[in-house]
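Only one chain is shown below, in C-alpha coordinates, and it's the form predicted alone.
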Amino acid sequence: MSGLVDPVKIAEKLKDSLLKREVIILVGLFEVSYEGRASSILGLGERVLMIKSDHSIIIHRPTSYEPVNWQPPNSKIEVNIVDGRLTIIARRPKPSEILIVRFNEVYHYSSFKLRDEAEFYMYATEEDMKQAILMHPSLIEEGFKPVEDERKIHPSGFIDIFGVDASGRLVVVEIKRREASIEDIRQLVYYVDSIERELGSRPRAVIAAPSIQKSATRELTLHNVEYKCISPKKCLEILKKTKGLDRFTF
(Lines give C-alpha, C1' and ligand atoms only; values in the text may rest on other atoms or scores of the structure.)
Protein backbone atom coordinates (compact mmCIF):
# COMPACT_ATOMS: atom_id res chain seq x y z
CA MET A 1 0.00 0.00 0.00
CA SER A 2 1.24 3.51 -0.72
CA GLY A 3 0.38 6.62 1.23
CA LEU A 4 -2.95 8.08 0.15
CA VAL A 5 -3.15 11.19 2.32
CA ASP A 6 -0.88 14.24 2.63
CA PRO A 7 0.47 14.29 6.24
CA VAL A 8 0.58 18.10 6.32
CA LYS A 9 -3.12 18.34 5.46
CA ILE A 10 -3.92 15.61 7.97
CA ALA A 11 -2.04 17.48 10.71
CA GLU A 12 -4.19 20.57 10.13
CA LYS A 13 -7.40 18.53 10.09
CA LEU A 14 -6.32 16.72 13.26
CA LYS A 15 -5.73 19.95 15.14
CA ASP A 16 -9.14 21.23 14.11
CA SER A 17 -10.90 17.97 15.05
CA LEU A 18 -9.17 17.88 18.44
CA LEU A 19 -10.42 21.39 19.20
CA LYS A 20 -13.94 20.32 18.21
CA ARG A 21 -13.71 17.19 20.38
CA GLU A 22 -14.50 14.92 17.46
CA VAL A 23 -13.86 11.19 17.23
CA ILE A 24 -10.87 10.69 14.92
CA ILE A 25 -9.87 7.57 13.01
CA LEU A 26 -6.50 7.18 11.32
CA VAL A 27 -5.34 4.16 9.34
CA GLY A 28 -1.74 3.89 8.24
CA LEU A 29 1.79 2.62 8.58
CA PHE A 30 3.23 3.82 11.87
CA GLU A 31 5.36 3.05 14.92
CA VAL A 32 4.63 3.67 18.58
CA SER A 33 6.73 4.32 21.66
CA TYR A 34 5.51 4.60 25.24
CA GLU A 35 7.21 5.71 28.43
CA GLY A 36 5.51 5.80 31.82
CA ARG A 37 4.74 3.14 34.38
CA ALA A 38 6.50 0.81 31.95
CA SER A 39 8.17 1.35 28.58
CA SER A 40 7.49 -0.18 25.18
CA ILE A 41 8.34 0.17 21.51
CA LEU A 42 6.09 -1.06 18.71
CA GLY A 43 7.82 -1.18 15.33
CA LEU A 44 6.38 -0.19 11.97
CA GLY A 45 3.10 -1.82 11.11
CA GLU A 46 -0.24 -1.16 9.48
CA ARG A 47 -2.83 -0.44 12.15
CA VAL A 48 -5.70 1.75 13.28
CA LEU A 49 -5.46 4.71 15.65
CA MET A 50 -8.58 6.18 17.26
CA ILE A 51 -8.73 9.40 19.26
CA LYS A 52 -12.03 9.76 21.12
CA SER A 53 -13.79 12.99 22.04
CA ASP A 54 -12.47 12.76 25.62
CA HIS A 55 -8.93 12.58 24.17
CA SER A 56 -8.41 8.95 25.05
CA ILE A 57 -6.38 7.02 22.46
CA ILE A 58 -6.67 3.42 21.32
CA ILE A 59 -4.37 1.68 18.83
CA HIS A 60 -5.48 -1.58 17.23
CA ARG A 61 -3.54 -4.09 15.18
CA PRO A 62 -5.29 -5.93 12.30
CA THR A 63 -6.10 -8.83 14.65
CA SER A 64 -7.28 -9.21 18.27
CA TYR A 65 -9.97 -7.17 20.01
CA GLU A 66 -7.57 -5.74 22.59
CA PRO A 67 -5.68 -2.50 21.90
CA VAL A 68 -1.92 -2.86 21.62
CA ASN A 69 -1.40 0.66 23.03
CA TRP A 70 -3.69 3.18 24.66
CA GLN A 71 -3.86 6.36 26.67
CA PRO A 72 -6.69 7.24 29.08
CA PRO A 73 -9.09 10.21 28.79
CA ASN A 74 -7.93 13.82 29.12
CA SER A 75 -4.54 13.23 27.57
CA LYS A 76 -2.83 16.35 26.27
CA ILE A 77 -2.38 15.73 22.55
CA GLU A 78 0.13 17.49 20.27
CA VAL A 79 0.25 17.16 16.48
CA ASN A 80 3.41 17.96 14.51
CA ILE A 81 5.26 17.18 11.29
CA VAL A 82 8.74 15.89 12.17
CA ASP A 83 11.10 14.97 9.32
CA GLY A 84 8.12 14.80 7.00
CA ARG A 85 6.26 12.37 9.26
CA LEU A 86 2.94 12.99 10.97
CA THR A 87 3.70 12.74 14.68
CA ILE A 88 1.13 12.55 17.47
CA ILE A 89 2.23 12.95 21.09
CA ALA A 90 -0.16 12.21 23.98
CA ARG A 91 0.94 13.14 27.50
CA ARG A 92 -0.38 12.64 31.03
CA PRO A 93 1.16 14.45 34.01
CA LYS A 94 -0.01 12.16 36.84
CA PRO A 95 1.16 9.51 36.52
CA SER A 96 3.74 10.77 34.05
CA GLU A 97 3.13 9.03 30.71
CA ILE A 98 3.96 9.83 27.11
CA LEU A 99 2.75 8.01 23.99
CA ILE A 100 4.37 8.94 20.65
CA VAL A 101 2.97 7.81 17.30
CA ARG A 102 5.03 8.39 14.14
CA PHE A 103 3.38 7.80 10.77
CA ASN A 104 5.39 6.77 7.71
CA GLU A 105 2.23 6.74 5.62
CA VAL A 106 -1.39 7.71 6.19
CA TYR A 107 -3.94 5.64 4.27
CA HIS A 108 -7.15 7.03 5.70
CA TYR A 109 -8.39 9.87 7.87
CA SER A 110 -11.91 10.55 9.12
CA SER A 111 -13.50 12.47 11.98
CA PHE A 112 -17.02 12.57 13.39
CA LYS A 113 -18.98 14.56 15.93
CA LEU A 114 -20.67 11.67 17.71
CA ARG A 115 -23.27 11.75 20.44
CA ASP A 116 -24.02 8.79 22.69
CA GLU A 117 -25.83 9.27 26.00
CA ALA A 118 -27.31 5.78 26.33
CA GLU A 119 -26.66 3.97 29.60
CA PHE A 120 -24.50 0.86 29.33
CA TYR A 121 -25.72 -2.26 31.13
CA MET A 122 -23.44 -5.19 31.81
CA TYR A 123 -24.52 -8.04 34.01
CA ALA A 124 -22.29 -10.19 36.16
CA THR A 125 -22.57 -13.97 36.36
CA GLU A 126 -22.69 -15.93 39.62
CA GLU A 127 -19.03 -16.79 39.03
CA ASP A 128 -18.25 -13.05 38.81
CA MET A 129 -20.15 -12.48 42.07
CA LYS A 130 -18.19 -15.26 43.74
CA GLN A 131 -14.86 -13.82 42.59
CA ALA A 132 -15.84 -10.38 43.90
CA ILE A 133 -16.70 -11.85 47.31
CA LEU A 134 -13.43 -13.81 47.41
CA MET A 135 -11.55 -10.58 46.67
CA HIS A 136 -13.61 -8.55 49.13
CA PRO A 137 -15.04 -10.87 51.82
CA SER A 138 -16.48 -7.87 53.68
CA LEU A 139 -19.29 -7.96 51.11
CA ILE A 140 -20.65 -10.75 53.31
CA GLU A 141 -19.61 -9.12 56.59
CA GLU A 142 -16.58 -7.68 58.34
CA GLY A 143 -14.27 -10.42 59.57
CA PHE A 144 -15.51 -13.07 57.14
CA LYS A 145 -12.68 -15.20 55.75
CA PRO A 146 -13.24 -17.54 52.77
CA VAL A 147 -11.54 -20.89 53.19
CA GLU A 148 -12.67 -22.77 50.10
CA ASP A 149 -14.83 -22.25 47.04
CA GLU A 150 -16.77 -24.92 45.15
CA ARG A 151 -16.45 -27.33 48.09
CA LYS A 152 -17.86 -30.73 47.14
CA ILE A 153 -20.84 -31.95 49.13
CA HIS A 154 -21.61 -35.64 49.31
CA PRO A 155 -23.49 -37.22 47.70
CA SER A 156 -24.05 -34.24 45.36
CA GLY A 157 -23.62 -30.49 45.14
CA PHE A 158 -21.03 -27.78 45.60
CA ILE A 159 -20.85 -24.98 48.17
CA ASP A 160 -20.16 -21.65 46.48
CA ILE A 161 -18.02 -20.30 49.34
CA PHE A 162 -17.08 -22.02 52.58
CA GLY A 163 -15.46 -19.89 55.28
CA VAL A 164 -15.35 -18.70 58.87
CA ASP A 165 -16.67 -15.56 60.55
CA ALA A 166 -14.84 -13.24 62.94
CA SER A 167 -15.64 -15.51 65.89
CA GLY A 168 -14.33 -18.63 64.11
CA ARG A 169 -17.72 -20.13 63.31
CA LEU A 170 -18.11 -21.94 59.99
CA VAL A 171 -20.14 -20.16 57.28
CA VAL A 172 -21.72 -21.58 54.14
CA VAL A 173 -22.48 -18.99 51.44
CA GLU A 174 -24.83 -19.66 48.53
CA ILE A 175 -24.76 -17.07 45.71
CA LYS A 176 -27.61 -16.18 43.35
CA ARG A 177 -27.50 -13.48 40.67
CA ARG A 178 -31.29 -13.31 40.58
CA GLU A 179 -34.05 -13.16 43.16
CA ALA A 180 -33.54 -15.96 45.70
CA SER A 181 -36.35 -18.50 45.89
CA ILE A 182 -37.63 -21.08 48.37
CA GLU A 183 -35.78 -23.76 46.40
CA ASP A 184 -32.51 -21.83 46.74
CA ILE A 185 -32.90 -21.63 50.52
CA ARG A 186 -33.73 -25.32 50.78
CA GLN A 187 -30.66 -26.13 48.70
CA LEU A 188 -28.53 -24.06 51.10
CA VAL A 189 -30.05 -25.86 54.11
CA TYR A 190 -29.14 -29.18 52.47
CA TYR A 191 -25.51 -28.02 52.23
CA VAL A 192 -25.51 -26.88 55.86
CA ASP A 193 -26.94 -30.23 57.01
CA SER A 194 -24.23 -32.04 55.04
CA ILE A 195 -21.43 -29.97 56.61
CA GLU A 196 -22.88 -30.58 60.08
CA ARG A 197 -22.87 -34.33 59.49
CA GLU A 198 -19.33 -34.19 58.12
CA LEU A 199 -17.70 -31.91 60.70
CA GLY A 200 -19.99 -32.27 63.71
CA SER A 201 -20.67 -28.55 63.93
CA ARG A 202 -23.53 -26.62 62.35
CA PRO A 203 -22.33 -23.69 60.26
CA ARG A 204 -24.12 -20.42 59.66
CA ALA A 205 -26.12 -20.31 56.44
CA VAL A 206 -25.91 -17.18 54.26
CA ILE A 207 -27.67 -16.62 50.96
CA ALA A 208 -26.21 -13.74 48.92
CA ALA A 209 -28.51 -12.34 46.24
CA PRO A 210 -29.81 -9.01 44.91
CA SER A 211 -33.26 -9.72 46.35
CA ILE A 212 -35.41 -12.48 47.77
CA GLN A 213 -38.89 -13.62 46.89
CA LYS A 214 -41.54 -12.59 49.41
CA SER A 215 -42.74 -16.18 49.58
CA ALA A 216 -39.23 -17.28 50.63
CA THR A 217 -38.82 -14.96 53.64
CA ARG A 218 -40.62 -17.43 55.91
CA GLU A 219 -38.04 -20.07 54.98
CA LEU A 220 -35.26 -17.78 56.22
CA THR A 221 -36.73 -17.70 59.73
CA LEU A 222 -37.76 -21.34 59.67
CA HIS A 223 -34.25 -22.59 58.82
CA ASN A 224 -32.21 -19.79 60.47
CA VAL A 225 -30.78 -18.63 57.13
CA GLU A 226 -29.26 -15.15 56.83
CA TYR A 227 -29.83 -12.99 53.77
CA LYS A 228 -27.16 -10.62 52.42
CA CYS A 229 -28.20 -8.20 49.70
CA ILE A 230 -25.43 -8.26 47.09
CA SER A 231 -26.10 -7.07 43.53
CA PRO A 232 -24.37 -8.39 40.40
CA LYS A 233 -23.78 -4.77 39.35
CA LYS A 234 -21.82 -3.98 42.51
CA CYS A 235 -19.75 -7.14 42.10
CA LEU A 236 -18.98 -6.24 38.50
CA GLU A 237 -17.81 -2.77 39.54
CA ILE A 238 -15.46 -4.37 42.08
CA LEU A 239 -14.02 -6.73 39.46
CA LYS A 240 -13.54 -3.90 36.96
CA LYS A 241 -11.60 -1.83 39.49
CA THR A 242 -9.55 -4.78 40.71
CA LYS A 243 -8.59 -5.83 37.18
CA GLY A 244 -8.08 -2.27 35.95
CA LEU A 245 -10.98 -2.47 33.52
CA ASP A 246 -12.47 0.70 34.94
CA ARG A 247 -9.88 2.54 32.87
CA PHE A 248 -11.67 1.46 29.71
CA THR A 249 -14.68 3.36 28.39
CA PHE A 250 -17.28 0.91 27.14
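Sequential numbering from 1, following the sequence displayed. Note that the structure is predicted; figures quoted are calculated from it, not measured.
The following text describes the form predicted together with the DNA, which does not appear among the structures shown.
**Q** Identify which of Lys76, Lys145, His108, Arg178 has a heavy atom within 4.5 Å of the DNA in the predicted complex; exactly one of them does.
**A** When the DNA is considered in the predicted complex, the option within 4.5 Å is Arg178.
**Q** For the interface check, one of 111 to 119, 125 to 133, 81 to 89, 163 to 171 should have non-hydrogen atoms within 4.5 Å of the DNA in the predicted complex; which one?
**A** It is 125 to 133 that comes within 4.5 Å of the partner.
**Q** Mark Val48 yes when one of its heavy atoms lies within 4.5 Å of a heavy atom of the DNA in the predicted complex, and no otherwise.
**A** No, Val48 sits far enough from the DNA in the predicted complex that none of its heavy atoms falls within 4.5 Å.
**Q** With the partner left out here, check for me: in the predicted complex, does some heavy atom of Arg186 sit within 4.5 Å of the DNA?
**A** The answer is yes: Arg186 has a heavy atom within 4.5 Å of the DNA.
**Q** Taking 4.5 angstroms as the cut-off for heavy atoms, does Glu97 touch the DNA in the predicted complex?
**A** It does: once the DNA is placed as it appears in the predicted complex, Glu97 has a heavy atom within 4.5 Å of it.
**Q** Though only this chain appears here, would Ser64 touch the DNA in the predicted complex if you measure heavy atom gaps against 4.5 Å?
**A** Looking in the predicted complex, residue contacts with the DNA include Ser64, since a heavy atom lies within 4.5 Å.
**Q** Do any residues of 62 to 79 have a non-hydrogen atom within 4.5 angstroms of the DNA in the predicted complex? If so, which ones, in sequence order?
**A** Counting only heavy atoms within 4.5 Å of the DNA in the predicted complex, the contacting residues of 62 to 79 are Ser64, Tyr65, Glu66, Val68, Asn69, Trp70, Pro72.
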